[in-house]
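A lone chain, given as structure tokens: the form predicted alone.
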């Protein structure tokens, strides 16, 4: 494994920060300072240190949770409320990938892999998010077109990729597709044209969907799912 990747796998820092440590001469392999990012190390045969601290690759864990209402998207809460990490049984220190509001439900990924999380969240990678939103009143066609064409948020034009009314029987329920990951984005977009989102559920994030999970349930990501994402960011 390349030395810069090895350091990232040890959770020392991001790949970029790890390269800074190598450049600064703070990394040694078998007692010898190494300044080559592409230097190949074997985790079973080599001793790698940052300054005087011996490093080991940490087991990475990846989960998909169906977040229920009334749960905080955080690793802890100063008011003692339940958090999403409380729902996942693991001894590892994991964290949520992005956020869902307190009463927003649906897909939430959790992991202890910083590179994995950063890649999914970075705006340039344009991972799509799909939601079902229940509005306070039926959505008018001309208002839907406004959201597809774009409205201004903080002096920046923002829009939905797609917007569909679920059915004629439920004109207040709409499917929303977006690449935006900003906090409260869907709710703010609707509020700009005079609608309130009463319920919001995220049903897809990139390649990930809820499947047969029910609120509060979770599963580990499959090896194929993890490797698909890793292959994308390792190309960069």
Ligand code: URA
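Keep in mind it's a predicted model, so treat the numbers as computed, not measured. Residue numbers count along the first chain shown, from 1.
One more form of this protein should be noted, the form predicted in complex with uracil, which is absent from this view; the next part is about it.
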Can residue 26 be called a contact residue for uracil in the predicted bound form at 4.5 Å between heavy atoms?
no
Non-hydrogen atom contact residue 184 with uracil in the predicted bound form at 4.5 angstroms:
yes
I'd like to check something about residue 104: if you look in the predicted bound form, is any of its heavy atoms closer than or equal to 4.5 Å to a heavy atom of uracil?
yes
Residue 97 near uracil in the predicted bound form, any heavy atom under 4.5 Å?
no
Using a 4.5 Å heavy atom cut-off, which of 34 to 42, 164 to 172, 185 to 193, 58 to 66 contacts uracil in the predicted bound form?
185 to 193
Note that uracil is not shown here; using its position in the predicted bound form, name the residues of 189 to 225 with a heavy atom within 4.5 Å of it, in sequence order.
200
